[in-house]
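The chain below stands alone and is given in structure tokens; this is the form predicted alone.
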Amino acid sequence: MPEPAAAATAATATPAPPVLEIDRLAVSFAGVPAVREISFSVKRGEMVGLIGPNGAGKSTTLLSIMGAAPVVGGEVRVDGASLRGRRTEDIARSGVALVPEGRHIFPGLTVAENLELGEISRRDDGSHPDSEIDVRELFPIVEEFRHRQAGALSGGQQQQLAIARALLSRPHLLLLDEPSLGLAPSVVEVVWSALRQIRERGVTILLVEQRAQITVQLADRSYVMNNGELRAELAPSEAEDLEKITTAYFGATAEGER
């Protein structure tokens, strides 16, 4: 039996906020809505997928989290703190890392030099020790080709380098934009396997993808986005329900779901 004081403390303890909270987020470019008051949250250690067709607002959502898109309404909170108005550099140093579509590695630098850039923004406050990941074990190519110019790597190797570089900043929230885009199936499996291991190490992941079925299967849950709105929420058990995924993906929403 716990002591009365301990029991009272446990009963009144405030639950930890989600790592990421999106609350009625709205984004517009030149007056044209790109994201329309969406809301969802991601708890610590979860992997959440955001799927949908091109132009749905998925990448814009990630850029909004990083302070790189024109937010016109709502809130983005990380660990309960608002990110509205903060600089992208400050958001990155607070423990949020983005691997953008297209990788954005530095082709003229070596693999090792690219990794060093990730270490520049490394957090050393000790608040998230589980986020320390051996990227050379996770992606052996970054050790094998450490002295090679990054521009000489294949597309799949560059993607592994981009994720490894982001991990070296010790993020507790990792944002990935289309990590499987343009990759061979064998390399896609390497990336998915790495994401599973990253989640197991306690890093929270928000994954934007167009490979709908595999994302639904891999993530703790997935949101279907279309025309700037969230149209459906899918559990891993629904990965084989292609009719439901397709209906949400292409914008025809079943009665009562909106």
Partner chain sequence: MNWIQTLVDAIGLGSVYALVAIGLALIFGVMRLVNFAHGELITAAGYTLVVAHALPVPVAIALAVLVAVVLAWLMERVAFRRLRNAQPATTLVATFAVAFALEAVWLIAFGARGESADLLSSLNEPAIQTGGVTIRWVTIAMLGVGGILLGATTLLLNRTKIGLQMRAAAADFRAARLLGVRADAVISAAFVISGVMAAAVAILLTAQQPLVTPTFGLEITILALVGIVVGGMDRLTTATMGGFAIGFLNSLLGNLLPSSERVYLPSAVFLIVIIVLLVRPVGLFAPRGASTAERL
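Numbering follows the first chain given and starts at 1. Everything numeric in this text was worked out from a predicted model, so none of it was measured.
As for the form predicted in complex with the partner chain, it is not shown, yet the points below apply to it.
Item to complete: With the partner chain left out here, work out from 139-147, 180-188, 72-80, 86-94 which stretch has heavy atoms within 4.5 Å of it in the predicted bound form.
Response: That would be stretch 86-94.
Item to complete: Work out which of Ala212, Ile205, Ala194, Leu63 lies within 4.5 Å of the partner chain in the predicted bound form, going by heavy atoms.
Response: That would be Leu63.
Worksheet item: Though only this chain appears here, would Leu153 touch the partner chain in the predicted bound form if you measure heavy atom gaps against 4.5 Å?
Response: No, Leu153 sits far enough from the partner chain in the predicted bound form that none of its heavy atoms falls within 4.5 Å.
Discussion item. Is Leu98 near the partner chain? Define near as a heavy atom within 4.5 Å, in the predicted bound form.
Written reply: Yes, contact at 4.5 Å.
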